[in-house]
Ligand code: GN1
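One chain comes next, on its own, written out as structure tokens in the form predicted alone.
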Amino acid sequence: MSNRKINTSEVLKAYFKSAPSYCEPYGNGHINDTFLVVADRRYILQRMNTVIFTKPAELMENILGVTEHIRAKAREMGSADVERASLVVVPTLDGAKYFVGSENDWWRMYEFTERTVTQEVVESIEDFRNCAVAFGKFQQMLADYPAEKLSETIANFHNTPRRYRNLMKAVEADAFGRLSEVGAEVEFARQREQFAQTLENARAAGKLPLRVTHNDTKLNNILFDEKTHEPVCVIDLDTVMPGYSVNDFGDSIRFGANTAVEDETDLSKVSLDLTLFEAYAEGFIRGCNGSLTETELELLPVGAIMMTFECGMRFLTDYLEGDVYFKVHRPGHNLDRARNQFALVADMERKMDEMNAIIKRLSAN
């Protein structure tokens, strides 16, 4: 999808009685097409990617429900900054919450959240902790939201047993003749088949609650106050759906506490940084502010391993299927990524007792 080829005049007429003074591409997102619009105030206009998100109406219902709930919570808590507590969806002139164009293109508009900045990379431990506080607070604000009312915007997104089965199907098919290269990686996954069931088993046993989860817990999905640099609100809500809090936690640890980049080929550089793990865990638990159950707290380290294992399986599956999902920049790129993630899993397993001790200590405070 390219901003340059998009004619915004039709959608702007749906939102404004007179043409805005400015409408130009904005930001560096890769999924939706985003524009900054200036009229009576500033707005963010987005054309939704309906190739990835095939149920845009349900997606928007998710976003509306969650953002309105967060603002209601902020009012209830006496916040002085209710309107910046969440994204605010702007209706069309006809009162609709989104607009469908003549070419079946789906659009939405948000109020521009003023006096905020985003940050692309973690530059300090404090950045990582602030990220954790923001996503922990997201959990806390939505702890009483009925997650089962949300639609799955991407079905089975974090269904780890299903990801394992998909890998085994790719192994059996060996459509590109690559299986001979990945025997050790396939065996690594097979040895953890039962582990892949851990969270689903806990859910089935009634021990792990279904939560509203963000599913893309990156630093650049948080708006920070431009003066205080405190977290203001969480953005990029397209993947908000029912899930497990420990997976949101775990995905942040997977990419944020790895001592190497995700596609590092020197596996001796790959390990879990326990200092970063502790900083994120402290911020996340503090942000959740008592909303997590005892079981959820205990399973936070499992969530870290699970998300890393799942991601490794997805990279390996894609490699066996011919690199059709993840963008690759060199031969064997997905295999390098899979090996990297599996090396991180192995290091996390070695440090499981230390992770458990950290969570136990932080939970007691």
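Note that the structure is predicted; figures quoted are calculated from it, not measured. For the two forms, the rigid core is made up of the largest set of C-alpha atoms that agree within 1.5 Å on superposition. A residue's number is simply how far along the shown sequence it sits, counting from 1.
A second form of this protein, the form predicted in complex with the named molecule, is not displayed here; the remarks below concern that form.
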item	value
Stretch in contact in the predicted bound form with the named molecule, which is absent here, among 192-200, 138-146, 95-103, 212-220 (heavy atoms within 4.5 Å)	212-220
Proximity to the named molecule in the predicted bound form, single hit among E262, D273, E282, D225 (heavy atom within 4.5 Å)	E262
Candidate from T160, N258, N130, T239 lying within 4.5 Å of the named molecule in the predicted bound form - any heavy atom	T239
4.5 Å heavy atom contact, G322 and the named molecule in the predicted bound form	no
Heavy atom of I154 within 4.5 Å of the named molecule in the predicted bound form	yes
Non-hydrogen atom contact C311 with the named molecule in the predicted bound form at 4.5 angstroms	yes
Touches the named molecule in the predicted bound form: I31 (any heavy atom, 4.5 Å)	yes
Heavy atom contacts to the named molecule in the predicted bound form at 4.5 Å, residues of 245-266 in sequence order	D251, R254, E262
E294 C-alpha moves between the shown form and the other one by 2 Å or more, core aligned	no
Core-superposed C-alpha of A338 shifting 2 Å or more between the shown form and the other one	no
Did I52 shift 2 Å or more between the shown form and the other one, C-alpha, core superposed	yes
